[in-house]
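Here are two versions of the same chain, shown separately as structure tokens and labelled structure 1 and structure 2.
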Structure 1
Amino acid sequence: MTSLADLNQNIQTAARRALADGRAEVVFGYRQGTAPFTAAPHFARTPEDCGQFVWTSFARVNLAAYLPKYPGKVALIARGCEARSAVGQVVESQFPRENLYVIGVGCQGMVDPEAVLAREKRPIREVTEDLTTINLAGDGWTASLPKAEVLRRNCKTCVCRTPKDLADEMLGGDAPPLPADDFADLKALAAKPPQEKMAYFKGLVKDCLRCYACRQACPLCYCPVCFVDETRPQWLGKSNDAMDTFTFHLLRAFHCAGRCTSCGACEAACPMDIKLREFNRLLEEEVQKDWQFVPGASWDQKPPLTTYRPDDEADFIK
């Protein structure tokens, strides 16, 4: 396995090569953030810009969300979930495949700062990392934590840690795969009667501010006018009315059904720490069960709920 310093160098070299070879006009990646536990999206257009790229466990956004906003050729330094989201953009005709060059990197998961802070109560002044460890430092003390113990929730069920089947170029070694996601964490929730499930999901979003940070962070939300902003007709109100808020999250979840790659960008962006993936995970399981479809796993296969098949038996609606 390569070192983090070597991986950073390889990423910068690959980015410069993509620009020099004409594969890209801009490279999407990350640079180091200015505070502990942070990283910032970085868009490199020159070889000098590429020198800021780093591999980081503190990425919170999904870079594929920027693809529809750029009209030219892009090289995307991608984790598995970002590569899958880029595939989704291509198969849904939001970005042309010929304009996209995917530089894949094996990912062992993103770190959840809240999980770190729950274990380390002392004030943290500096955070560094290597491939498998988070290193913390404060006034007169240091400590280390294995990344595997402080991962974000979505990273614990990732089905594409190494996107080599989707990448045009791979850097670093393969990340150790996780056991296949059997949705075991949803069994108890799925078994609840409808009234209890309704109460559970309404409780999830009771603190929602309707700031729409989840929508803005999501690579699937590219509609020119969101249904929540539509006025002809108006689908729901703009206030913090509990039913309007619940309706927003419910309809958004159905819009993402069979498309969500569990990147966790929505939860990472939410200022109220709402577990938004609970909506999408149940629908993800249904799509896998009924159509054997994993979002973003193929450049050729469109999501089943956006595909018309004359020979579809439609057992799911009988």
Structure 2
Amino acid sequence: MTSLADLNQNIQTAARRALADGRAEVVFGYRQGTAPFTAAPHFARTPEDCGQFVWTSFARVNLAAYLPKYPGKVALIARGCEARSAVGQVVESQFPRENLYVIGVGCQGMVDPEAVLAREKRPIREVTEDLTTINLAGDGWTASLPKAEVLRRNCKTCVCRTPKDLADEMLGGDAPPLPADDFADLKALAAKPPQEKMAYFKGLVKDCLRCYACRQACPLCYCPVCFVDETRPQWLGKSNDAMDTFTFHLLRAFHCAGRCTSCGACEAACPMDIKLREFNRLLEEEVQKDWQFVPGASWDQKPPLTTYRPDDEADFIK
């Protein structure tokens, strides 16, 4: 891949082809956003619509989250994490495999606006990008930053930057693989006394507004009625009470255990910059360790916590 413009061309061509071939009635991708650090999910149904597709480092959601119960055949322009999450939707029976066409794109990672703002204090009026850098402009100044230095937290340890094994078709070159998450910080945390662990997790969500952008952005949170929204009877208080907020996060994390693909949509969508994945990473590690299971890596293996076998370990039942 020589330039971002070429990649955009290739994406648009692939999208048009998917529509023309009848593989899809709609193609999910992104178009340019209207403000710095934004991109808009774009659903193309005609060849003209396809002309707006771009590759962006500012995707804040996971397009696979739009799949559950979506009527008709969909082609998904997918980063690695989105391809994995799409696999998850199929495995969890939320979307039929035969209605899905995955156009994979080798991905160098998404950019974390907070990381950029930490390095560039002047007001940024315009953000553009090419394959490996982002270009900033303000009042009478311009600057560039290598994307690799301002990646989103989850993108720094992505295990699927090039979703060759999952995609029906690949675009863009291979993105060089990265070392996987070694969970070192969490292992250190696990050795701490319970009070300290509790303080850590409570501290993570102390600014939470319970707007639920994290849940709405997450491809796993497709329950028709989330437990926090149950009203008959009501399961959880509605105020900004710290314990109710904490309960939401803790239960959501358990619901996502062994299913989370570390796409980071929850964190990118959160307007309070809460490190939501800290809850999930801990469980991710457990699932990898106990079941050697990587979510979204196989089209037919069910997540361990959604299956039952008579010979499952049961020694915790006394």
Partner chain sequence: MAEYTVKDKLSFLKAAAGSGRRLLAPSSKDGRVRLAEVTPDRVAFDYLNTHLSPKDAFFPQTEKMLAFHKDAAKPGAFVYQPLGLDKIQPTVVFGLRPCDARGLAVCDRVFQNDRFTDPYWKTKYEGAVKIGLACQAPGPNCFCTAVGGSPFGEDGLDVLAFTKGEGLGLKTLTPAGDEFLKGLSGLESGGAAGEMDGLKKAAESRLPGPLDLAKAQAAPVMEIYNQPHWKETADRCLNCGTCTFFCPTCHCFDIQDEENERGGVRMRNWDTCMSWLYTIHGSGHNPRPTKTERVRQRFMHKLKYIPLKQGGACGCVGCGRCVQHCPVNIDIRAVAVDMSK
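These numbers were taken from a predicted model, which means no experiment stands behind them. All residue numbers here follow the sequence of structure 1, with the first residue given the number 1. Take the two forms, find the largest set of C-alpha atoms that superpose within 1.5 Å, and that set is the rigid core.
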Looking for the form predicted together with its partner chain among these two structures; is it 1 or 2?
2
Taking the rigid core as reference, does Pro233 move its C-alpha 2 Å or further between structure 1 and structure 2?
yes
